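Okay, so here's just one chain, in structure tokens, the form predicted on its own.
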């Protein structure tokens, strides 16, 4: 029988605030090398109140199930990468627990390392996606100009407000999990499977997420399983919180990408063929592998028209910790390669970079994206406003003159300005298996209070405030009379992850629809009134470009004459994202995202093949004092629907930076950038 514990609510939602009296601390024993067979595990003698837990102690399924892959909760028999969890040590004194972990010796018969993208066999494939339209080989053979280019994107870490972790305790016979997760239903499902209990016996409370950049989709489920396993075995509240070093070395990073292209153009500079090979290093386990390759294959042409296209996309396994999503499921990576390629094509055709893009943008009815477009991608309005904000044309002309007329061609021109465009689809991605439809319920009771129940909620209180104000304005009540609750019952449908770049805007739309329904019935029917709205996708396939949010970015930079490092002078963003519910919050969020995206370009370098203490010290995050002026402008197009914003800065700012750097360095070579 499990111990009965009081509920320990966290006022600030932070795991570090979890401090019940009988708490046991949990730390992870990790493989020192890998992949390879585990030869032996030697742990020190542990006092009475301490416990060493291995895979043998898991009462249920020893691995978490995902579409197309399994992730071991604790390694058994062999490890797949250095740092993989092989055991847990738990006890009441954190210092002694950490010491026991240090004294535990794991011997692994490690095989030769295999982690690159330049050459790989079929045995390393986790997922593959292909897309083809038209005769690409013939179109390339008949093209007036063919451009070949390759680009690399490295792994990127995200420094969370607090390291990842999880806590577990029993409230009578119910196991309660505190987890900083975007996907509570996946956490509940994984724990129930591992402990061989019914999902109704598990409650998941989402803790403080902070800016997560879609990095907390599946990995929190692994940490929650570890905490739950200890609470289940010891019958006491258990907390596992990674150290900063562990968080940096072992939690998922952006999956590194190698993108190779061949683009054919006619005499007028129009694209006639586009052939792409895209490979991502997904690490040892790939819960998101299929979702990422599907997104890359669907989005590699972006908003541009081309009659013959072909893409082959691979998710490649390696002996490195799992990689994954980063501000979306691969769309930002696809956009980077495409917008770099657009600049290379504009140079080859002798066209202005903006003119080349507008010449090749898809029109209504175009089928390049796989389905006939119903709407023209809104690049024209975005670009016109972007030109006004940034003075791009004058700056580019001036910097081109400097580049062409510099007295010493061996020295870089030193000045550059670049632009790039991006979109964010507002459709739900079918990326997480057979998820049930999103549903929102609103209830107006006899006392005039409105309760909104949704399967996923925003991750901060200010966003929830926007929902309350919107609902109150629609119905005509005081915002203080609006409550928003997460539908967290065990029988509630799996709505997928609470990712701003995925389902959140759909939920916001359903909230508005439900409130409008109640408003229309309010004075014709008796209270209480209940309205339920479900996002049922039609059987007809639509283009991801229809209804998307659009953004353009311009980055201006100079090269330091002493050390050659780029110094960004300014960033300008123009966005068409429909109705912006909270302009102040949206602007602040985009300014933060743009600064974060610049940081990944300027100093954040993580090499999974040489990860260790030195790589932690070398990982440079830009200081706030170094952030250049960032201008964010929203177009008012009269669109009543709110659109997504969370991925846009990460999609277009890095490409605009790289394009500006190419002009400043007079280099059009392939490059690697974080």
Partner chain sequence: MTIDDVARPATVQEAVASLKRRPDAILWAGGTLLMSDPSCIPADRLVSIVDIGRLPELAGIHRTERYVEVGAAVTLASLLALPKPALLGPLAMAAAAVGTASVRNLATLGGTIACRNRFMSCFAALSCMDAAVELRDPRGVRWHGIHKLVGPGNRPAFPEASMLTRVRLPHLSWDAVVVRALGDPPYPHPDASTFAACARIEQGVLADLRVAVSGRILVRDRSLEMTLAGRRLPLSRREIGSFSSDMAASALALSIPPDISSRLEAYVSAFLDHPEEYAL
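Just so we're clear, the structure is a prediction, and the values are computed from it rather than from any experiment. Residue numbers count along the first chain shown, from 1.
The protein also exists as the form predicted together with its partner chain; that form is not presented, and the subsequent description refers to it.
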Given that its partner chain is left out here, which of 403, 78, 128, 567 has a heavy atom within 4.5 Å of it in the predicted complex? 567
Sole residue of 267, 560, 99, 173 within 4.5 Å of its partner chain in the predicted complex, by heavy atom: 560
Looking at 618-626, 641-649, 60-68, 37-45, which one sits within 4.5 Å of its partner chain in the predicted complex if you count heavy atoms only? 618-626
Any non-hydrogen atom of residue 51 within 4.5 angstroms of its partner chain in the predicted complex: no
